[in-house]
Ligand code: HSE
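Here you get one chain, nothing else, as structure tokens; it is the form predicted on its own.
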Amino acid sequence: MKTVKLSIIGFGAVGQGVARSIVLKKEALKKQGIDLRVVGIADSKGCEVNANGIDLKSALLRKKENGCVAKGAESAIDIIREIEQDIIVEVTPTNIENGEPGLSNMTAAFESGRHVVTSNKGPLALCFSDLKECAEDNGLIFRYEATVGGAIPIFNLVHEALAGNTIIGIEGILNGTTNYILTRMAEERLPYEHVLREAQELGIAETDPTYDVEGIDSACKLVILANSIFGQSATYRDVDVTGITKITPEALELAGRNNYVVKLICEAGNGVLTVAPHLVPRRHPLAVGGTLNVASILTDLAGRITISGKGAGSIETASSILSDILYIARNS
């Protein structure tokens, strides 16, 4: 039995999803010879540490009842640097201004000899090359499947299943909020403001939806794809971005009459990075509805490969994080 110790840094929706997925899969993983033990949890108000493994069900209940997991005075950085463990799961909120606190957490993890798994887009959209180099210099594994596309295994597909192919270009829909808004506007002929309010009430859109509707979230994800797959050193500021706020029901109706839908499409290839609304044929693989995400990858050997699935959600995102944890457990 291989014991793998890890900490969860950030215990919001995604961090709790990771804890739930480990509880759900713990016995099945033991049958595969892997014993996952969470030895540290940190949220914005405190932390819990147990070198023998935290009772995750208890931690989840305490978070629900008290709004925090606090049992000790250690900070996230203390947990990362001082606790004996193999993997840091960094799932603090995305900050695209300076990448903090995720950037410092990941750097501290690599400097302390810990592998890193993350869903945090901010540090990767700003400092991808620096983080990758820091991991490599310390002989560590850096995995970030959950940063783009939620449950969709884009990086696993490209770097493993499509190894040997040259990736020519990638296009797709990488933000479920905007896709939901455009889908509802087109289906119900409703104005943008009405559908946005609906999305906020359903929890699909944030109270401040700027990152989503202005295309910034999509741009961050596109940059991570470009840097990881094409070896670029771009930041989200290098993306030509147009959001969806000026799209009218009349424009969507006109597109529909001609068998098109309007989608916020991300494109990377030949050094070009763009996020903008596009006309997409109604039967095209990119014409997915609701909150779905989709990525279409053009290769030299395999041709075009298109994958679609849930681009957000606590358990869905945790699915990708758990996949990365298990990759490290089996390959480190």
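Not measured: the values here are computed from a predicted model. Each residue number is its position in the shown sequence, starting from 1.
The form predicted together with the ligand is left out here; the points below concern that form.
Quick check for you: of 156 to 164, 136 to 144, 174 to 182, 222 to 230, which stretch puts a non-hydrogen atom within 4.5 Å of the ligand in the predicted complex?
Selected range: 174 to 182.
Quick one: from 206, 82, 240, 250, grab the residue that has a heavy atom within 4.5 Å of the ligand in the predicted complex.
So the residue touching the ligand in the predicted complex, by this definition, is 206.
Give a yes or no for residue 121: in the predicted complex, does one of its heavy atoms lie within 4.5 Å of a heavy atom belonging to the ligand?
The answer is yes: residue 121 has a heavy atom within 4.5 Å of the ligand.
Even though the ligand is not shown here, does residue 22 get within 4.5 Å of it in the predicted complex, heavy atoms only?
Flag for residue 22 set to no.
Give a yes or no for residue 86: in the predicted complex, does one of its heavy atoms lie within 4.5 Å of a heavy atom belonging to the ligand?
Answer no; every heavy atom of residue 86 is more than 4.5 Å from the ligand in the predicted complex.
Of 311 to 328, which residues get within 4.5 Å of the ligand in the predicted complex if you count heavy atoms?
Contacts from 311 to 328: 311, 312.
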